[in-house]
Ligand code: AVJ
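Form predicted on its own, single chain, as structure tokens, below.
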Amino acid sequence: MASETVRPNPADLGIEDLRTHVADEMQRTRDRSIALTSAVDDDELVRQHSPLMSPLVWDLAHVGSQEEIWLVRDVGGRQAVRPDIDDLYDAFQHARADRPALPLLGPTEARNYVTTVRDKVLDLLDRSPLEGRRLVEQAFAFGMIVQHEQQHDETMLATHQLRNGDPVLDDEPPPAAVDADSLPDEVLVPGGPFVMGTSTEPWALDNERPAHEVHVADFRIDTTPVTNGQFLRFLDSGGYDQPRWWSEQGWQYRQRADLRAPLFWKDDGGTWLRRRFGHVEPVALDEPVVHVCFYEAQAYANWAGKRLPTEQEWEKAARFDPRSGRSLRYPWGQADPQQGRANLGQRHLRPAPAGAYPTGAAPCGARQLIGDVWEWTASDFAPYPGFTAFPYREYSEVFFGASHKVLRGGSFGTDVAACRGTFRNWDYPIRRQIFAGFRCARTPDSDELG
């Protein structure tokens, strides 16, 4: 994928510059959707590569349907393009496993549909005042649709990882970890209050709001995500066969699903190989482990004498600047990510080695908190104090509860538009097809605090 350019903050733009920014973001996002769907032939577009995922053609038409509903109809107040397909592309109406049996739009029809919708959206973007309603202030609805499509692009990327066949996606090799050997294993984050969440980020989604003060006790957190090499030591020690490291629910799932290693790993006579977007290659020991579920991450942390960080701990490590006493937009400051700071945007189809991106380090010294792998936390997905669903309950509210665990930080497949220091992801603790890894934390002993 193309490298990032400097992206302005919508909050800093006048109306006309904001229109240009929105149009650029929508085009950049659509280019990615087209690249992911044009990389395979039409037969593969309509095929279900895993019951966990939709056919790629469903995702393509779905992003068009949401764009039509929210922008053409709601923001623009214009005549519906295809109201007859609303139910087909309502994610709550049909489980992913059932979608191939639906009368979906074919590849050509889906492409024509999303193009028609986009033409209408660009026309109304030129005419919308971008003020007067909360939905359009600072182009929020347009930013919401950009993020929605980018989230589905990452989902489509996960589908590409699940498909069998020759490689079809191109990427660049990630940067090396320049000073990894000199990094400490952990960093200390002093206890105290910090401001979690945001009330000012213009395109932040409802579950990131509002900003609120949280007190976190002293904790230590791994400097980098747990690597394949570290996780292999847990595996080689028999960690998958010892119930003592697993929670009761985790052990039940490990047995039921017969988990023996991260997803896509294979033992080839004593050498561990992985399948990565059609390539079969030795497991890279210095890269963050990916495609592990919450229960595997939790078991590793127990084995290592640690635990998973809470969501509050993760965000304090990623955002709190003790020099100013303020929370930053990103670990490195207020500016959006650039190539040298984080592995985002599908530029590399793998995590970068642990210790990469020194200029992206947080004030506490932790690295790669943004990009590379989504990081499981110990926290259930829950609303912040003062939460208000906006613009619809189904984005966040219906998922709150103990059945979903929070992931933070984004992955190599996450776009910068859908990733920031306050961004919250969530999933079932059994999910392994997502680009998820983790880092550990622990409560320090009193003699470590000086």
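Residue numbers run from 1 along the displayed sequence. All values derive from a computational prediction rather than experimental measurement.
Below: the form predicted in complex with the named molecule, not depicted.
Q: For the chain shown here without its partner, which stretch in 151 to 159, 112 to 120, 285 to 293, 82 to 90 has non-hydrogen atoms within 4.5 angstroms of the named molecule in the model of the complex?
A: Within 4.5 Å of the partner lies stretch 151 to 159.
Q: So, in the model of the complex, is Phe400 in contact with the named molecule at a 4.5 angstroms heavy atom limit?
A: The answer is no: Phe400 has no heavy atom within 4.5 Å of the named molecule.
Q: Examine His62 and determine whether its closest non-hydrogen atom to the named molecule in the model of the complex is within 4.5 angstroms.
A: So His62 counts as contacting the named molecule.
Q: Even though the partner isn't displayed, in the model of the complex is Asn425 close enough to the named molecule, meaning a heavy atom within 4.5 Å?
A: Residue-level check for Asn425: yes, a contact with the named molecule.
Q: Across 329 to 348, which residues bring a heavy atom to within 4.5 Å of the named molecule in the model of the complex?
A: Nothing in this stretch is in contact.
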